[in-house]
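Presented as structure tokens, the chain that follows is alone, the form predicted on its own.
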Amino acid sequence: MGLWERLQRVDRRVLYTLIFLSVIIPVLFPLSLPTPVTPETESFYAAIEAIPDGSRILFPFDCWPSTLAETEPMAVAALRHCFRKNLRVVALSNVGMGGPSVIERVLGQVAGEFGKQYGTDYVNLGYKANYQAVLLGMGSKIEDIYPTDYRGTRLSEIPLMREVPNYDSLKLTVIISDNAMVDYWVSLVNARFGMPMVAAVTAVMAPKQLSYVQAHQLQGLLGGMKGAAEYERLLDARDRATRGMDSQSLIHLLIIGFIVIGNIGHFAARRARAAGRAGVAA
């Protein structure tokens, strides 16, 4: 049996082991492979960078727990940029199951890295049903929609919320989403109240949201794990998304290698068999 035939008969467990190692090695030992930054990610970064330090922003986390592998790295990277600029964050979620508790955890984690205090530097308003009424109602008076925050404290007792009666007090909306809520934020809040906004969405959603960027209704866009890795590069704070993209890149290279070797082996073996049959006939 020749080399190419042996390669075609490699035990599949060997291939699975190679794929497993391609996943786990970059997680344990980051490779920091090159990640070109797209113009949409640069625009997202520039939109936050352009806000005066200390400004207030809205941070809707409209995601289901099932997409956290993509959405959480984007939320963490965006929050790190916001807290680095001392922006004050008003978070909420239009996803009732898991959204408020996840953003409570993520906000607390990133705020802790920068020594930020709940109530003065950031607030989690939690969830209210009927998102269309919520989005429109907050344009008049947020306290009418959210009498209390996620922790049950009245908004009138929270220093940050006493400065935020409605959208007019907020400089930017940073949407993290895995569903159609981006459409409602754009059509109801951007179009009606003129609120500037950027969005970070799952990779499968990104092509559709590009139309909002081209129409200047979104000032920037992050798309999935790659978008988060690009943002980490801009922040010079490589973390979970960069390691995730290292794994993806390594697996893609490995699979391409398997395909190339398999095809070369197939044609080389077929050629050898044809040459053997020709020798016997002669």
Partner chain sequence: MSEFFSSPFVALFPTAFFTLALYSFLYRDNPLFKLAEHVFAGLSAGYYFGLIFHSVIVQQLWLPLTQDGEWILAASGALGLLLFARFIPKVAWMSRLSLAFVIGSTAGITFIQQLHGLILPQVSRTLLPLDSVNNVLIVVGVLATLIYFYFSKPHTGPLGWVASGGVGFIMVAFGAHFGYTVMARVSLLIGRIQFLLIDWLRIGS
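Since we're looking at a predicted model, the values are computed, not measured. Positions refer to the first chain, counted from 1. C-alpha atoms forming the largest set that superposes within 1.5 Å between two forms make up the rigid core.
Below, we turn to the form predicted together with its partner chain, even though it does not appear here.
Residues Ala47, Thr120 and Pro165 are none of them found to lie within 4.5 Å of its partner chain in the predicted complex, as judged by heavy atom distances. The stretch among 89-97, 74-82, 168-176, 109-117 whose residues place heavy atoms within 4.5 Å of its partner chain in the predicted complex is 89-97. Residue contact check for Met225: one or more of its heavy atoms lie within 4.5 Å of its partner chain in the predicted complex. Not displayed here, its partner chain is approached by Leu188 to within 4.5 Å at the level of heavy atoms in the predicted complex.
Residue contact check for Ser247: one or more of its heavy atoms lie within 4.5 Å of its partner chain in the predicted complex. In the predicted complex, at least one heavy atom of Thr67 sits within 4.5 Å of its partner chain. Residues from 240-261 that approach its partner chain in the predicted complex with a non-hydrogen atom closer than or equal to 4.5 Å are Arg240, Arg243, Gly244, Ser247, Gln248, Ile251, His252, Ile255, in the order they occur in the chain. Shown in the overlay between this form and the one not shown, fitted on the rigid core, is a CA shift at Pro26 of 2 Å or greater. If you fit the rigid core between this form and the one not shown, you'll see the Cα of His216 move by less than 2 angstroms. With a change of no less than 3 Å, the CA-CA distance between Phe29 and Phe114 is larger in the predicted complex than in the form shown.
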